[in-house]
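Here we start with a single chain on its own, the form predicted on its own, put down as structure tokens.
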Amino acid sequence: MSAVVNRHPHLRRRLLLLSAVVLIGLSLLATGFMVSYSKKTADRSYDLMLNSAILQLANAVRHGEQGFMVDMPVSAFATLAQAPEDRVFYRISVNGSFLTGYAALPTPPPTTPSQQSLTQQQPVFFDALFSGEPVRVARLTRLNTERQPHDEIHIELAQTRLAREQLKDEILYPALKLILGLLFSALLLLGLGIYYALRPFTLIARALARRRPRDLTPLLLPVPKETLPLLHTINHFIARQQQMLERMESTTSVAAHQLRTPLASLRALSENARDEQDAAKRKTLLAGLIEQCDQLSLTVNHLLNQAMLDHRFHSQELLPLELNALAKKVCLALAVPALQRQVELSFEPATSPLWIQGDEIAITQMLNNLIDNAVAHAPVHTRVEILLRTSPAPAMLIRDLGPGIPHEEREKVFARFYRGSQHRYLGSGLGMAIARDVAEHHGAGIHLHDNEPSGLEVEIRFNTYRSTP
């Protein structure tokens, strides 16, 4: 039992899992965005102070009689003191020679020649490590134009990131709390939504489980619109089961009656043949006994064929089928039995392929019944014609020169166990009924016409066909 359950996926669990994956993915994206945003915001805030300080520091570099000197501006470091726990480092170099500060301060990342400039209005910022500690570095390049050639002055001002990280955390953590809260709230709401969305399926299952075996009335449940197609499909299936059950009961009842009569006749003939002393009369009785056996055998075969076709109608899909090839195959199979009755079969295919969606076994059974009827009713030394036509409508025609069927009986011959007033051979009364069932299953119609100069023409007219599979 557990192996069977494992083969069926748990829809509610899958929906919740997929939703959770999507929400967690979106939460990770939002978290990544917030991490980047909080870092950039913190850097932007403290870069303004670093920018102000390095500009003041750059203005403090002068060239005097004793060379370059720096008059450290107190206001520059007072600005940076707004981050009291951070330390500040600087380095000033002139024409590539170290002047003052920390000589080991990291240099900026390499840039392409087009990105390099001799002087800058605003410093360049970059992150680096100094003495094993992350720092934010501002680098500014200025030219001293008081001398020829001009002196190139580089100022680097670095600040540790303690205040920046603190500001970043103050921005990031509330956002993370909000994201996590939204994630858990969304998962909870999704779980409740999935539960209520799938609840109609549970209601339908319970309603079906509470039904009695003979209760085939439609299900009437107040389900949502989205579940109505399933409810309609179930009701349609129930209606089909009801029709099939009624048809089976009707057929079984009539078949039982039809089988009792030949069985009683067989018993009577057998008893009479057993007690008859006259050899000629006994021979006649035995001939009647054989005829009743044939009648019974034919009826049983048709009943079995009908049961088989009913099963196929409910279980087999229609596949592409070429009628010319199928009709030729059936005619070849029936040609020898027809010749034994001294009747010829002629076959004339259509001028182009006739493809339909069909059940080969069912259509073969239909053609067998119709051609066998035509052969049985055709006079000896005549011909039964089987023709396929594409115009004016795709159709199969079966023509014989027999007595035909009176107009008032042409609808009745399709009823089960109706043999008609013109029947003159053994028959079950099921052949035409089975043929009509097969035609209707394929969306086709069977029409009976007078044949010229005499006899009957059976026309099977298909509503849909095509010239390619």
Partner chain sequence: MSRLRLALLWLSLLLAAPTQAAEEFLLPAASPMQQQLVIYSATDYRYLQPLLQYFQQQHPQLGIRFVDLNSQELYERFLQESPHSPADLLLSSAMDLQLKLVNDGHARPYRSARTLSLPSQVHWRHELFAFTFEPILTVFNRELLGAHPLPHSRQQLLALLREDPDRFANRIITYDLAASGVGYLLASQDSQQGLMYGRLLEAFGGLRVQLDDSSNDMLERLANGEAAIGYNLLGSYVASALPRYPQLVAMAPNDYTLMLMRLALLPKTAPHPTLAGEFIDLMLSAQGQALLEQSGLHPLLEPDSGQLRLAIQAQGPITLIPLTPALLPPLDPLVKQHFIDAWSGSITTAPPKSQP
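Numbering follows the first chain given and starts at 1. Everything numeric here is computed off the predicted structure, so don't read it as measured data. The term rigid core refers to the most C-alpha atoms you can superpose between the two forms while keeping them within 1.5 Å.
The protein also exists as the form predicted together with the partner chain; that form is not presented, and the subsequent description refers to it.
Annotation: in the predicted bound form, residues Val70, Ser131 and Leu162 each come within 4.5 Å of the partner chain through at least one heavy atom. Interface residue among Ala81, Ala287, Ala393, Ala279, judged by heavy atoms within 4.5 Å of the partner chain in the predicted bound form: Ala81. With the partner omitted here, the residue from Glu85, Glu170, Asp215, Glu271 that has a non-hydrogen atom within 4.5 angstroms of the partner chain in the predicted bound form is Glu85. For Leu99, a non-hydrogen atom is located within 4.5 Å of the partner chain in the predicted bound form, even though that partner is not displayed. Among residues of the shown chain, Trp355 is not one whose heavy atoms approach the partner chain to within 4.5 Å in the predicted bound form. The partner chain is not shown here, but in the predicted bound form it comes within 4.5 Å of a heavy atom of Phe89. When the partner chain is considered in the predicted bound form, Phe77 lines it closely, a heavy atom lying within 4.5 Å.
Partner contact region in the predicted bound form: 61 to 69, out of 61 to 69, 409 to 417, 37 to 45, 433 to 441, criterion any non-hydrogen atom within 4.5 Å of the partner chain. After superposition on the rigid core, displacement of the C-alpha of His407 between this form and the one not shown stays below 2 Å. Relative to the superposed core, Gln342 undergoes a Cα shift smaller than 2 Å between this form and the one not shown.
In this overlay on the rigid core, Ile434 has a C-alpha that sits less than 2 Å away from its partner position between this form and the one not shown.
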